[in-house]
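So this first bit is one chain, no partners, the form predicted alone, shown in structure tokens.
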Amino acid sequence: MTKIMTVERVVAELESGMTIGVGGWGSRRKPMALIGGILRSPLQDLTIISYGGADVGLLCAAGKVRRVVAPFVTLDSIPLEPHFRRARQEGTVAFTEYDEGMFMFGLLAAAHRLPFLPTRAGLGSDVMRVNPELRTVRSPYTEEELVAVPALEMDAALIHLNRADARGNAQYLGPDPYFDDLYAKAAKKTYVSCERVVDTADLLKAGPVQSLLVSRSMVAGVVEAPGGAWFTSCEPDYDRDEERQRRYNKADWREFLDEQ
């Protein structure tokens, strides 16, 4: 059964107030075509869970976000995402900040349908002070105190991969999966945009079986979106557009929509 959808159809299945996970990392392989669809929609009051980049910045600038949950929001070669920084300085969005390890454990807990996972990450740091809702647990084996990282549960996840078939099997061809498989497992529904939809038999012509990151059982919809991660990178199909990113750093966020 085909799961091919348009950007507009995906956005129509989302609702205001949802918690939405966004895959990729910083300014790498972000589902920017899907983010553009949300920007054009009436959706609002969203909680965004992300290794954040321009996805978070754009949604904050457009007034779509109530809370961000992230370990960072960066453009990689530009350390701090400008629109997110402005939103935080103006106090228009709430922010739950974990370190990268804690964030990963939150994704893992949600992917495995656990309420939390224990970790040493965060102990002895200000993470516990700025997140007073966090709790600790004691190991029943060693009595060691550990941070209980809550599951990062999501109503929907949006990810961008290099290739997919019409049934939702999706493949990455770049250097890193960026935890997109955890987003897909953790969310109630996952929507995949990709550079190209190919026949199932052709997926392994481009990469080994280990590159088949996401199974069709995790996917509710597939959007063929060539250049759908631009201006972030989607290696090996294209690198990050550094010149456009520099302009984005200083420009009105609406220019991104004008160029899509």
Partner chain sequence: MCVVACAEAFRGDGEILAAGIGGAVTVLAARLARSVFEPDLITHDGVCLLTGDIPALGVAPRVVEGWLPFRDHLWLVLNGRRHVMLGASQIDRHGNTNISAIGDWARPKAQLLGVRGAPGNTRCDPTSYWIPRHTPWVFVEKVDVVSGLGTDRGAYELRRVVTNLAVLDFGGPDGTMRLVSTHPGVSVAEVVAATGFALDVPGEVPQTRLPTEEESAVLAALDPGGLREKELA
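Quantities reported herein were computed from a predicted structural model and do not represent experimental measurements. Residue numbers count along the first chain shown, from 1.
If you look for the form predicted in complex with its partner chain, you will not find it shown, but the lines that follow are about it.
Q: Report the residue, out of 111, 134, 117, 104, that has at least one non-hydrogen atom within 4.5 angstroms of its partner chain in the model of the complex.
A: Result of the distance check: 104.
Q: Would residue 80 count as touching its partner chain in the model of the complex under a 4.5 Å heavy atom rule?
A: Yes, residue 80 sits close enough to its partner chain in the model of the complex that at least one of its heavy atoms falls within 4.5 Å.
Q: Taking heavy atoms and a 4.5 Å cut-off, does residue 71 contact its partner chain in the model of the complex?
A: Yes.
Q: Counting only non-hydrogen atoms and a 4.5 angstroms cut-off, does residue 155 reach its partner chain in the model of the complex?
A: Looking in the model of the complex, residue contacts with its partner chain do not include residue 155, since no heavy atom lies within 4.5 Å.
Q: Would you classify residue 129 as touching its partner chain in the model of the complex, given a 4.5 Å non-hydrogen atom cut-off?
A: Answer yes; at least one heavy atom of residue 129 falls within 4.5 Å of its partner chain in the model of the complex.
Q: When you measure heavy atoms, are 224, 230 and 248 every one within 4.5 angstroms of its partner chain in the model of the complex?
A: None of them does, since no heavy atom lies within 4.5 Å of the partner.
Q: Heavy atoms within 4.5 Å of its partner chain in the model of the complex: which stretch in 156-164, 134-142, 170-178, 186-194 meets that?
A: This holds for exactly one stretch, 170-178.
Q: Scan 79-98 and note down the residues that get a heavy atom within 4.5 Å of its partner chain in the model of the complex; none is a fine answer too.
A: 79, 80, 84, 85, 88, 89, 90, 91, 95, 97, 98, in sequence order.
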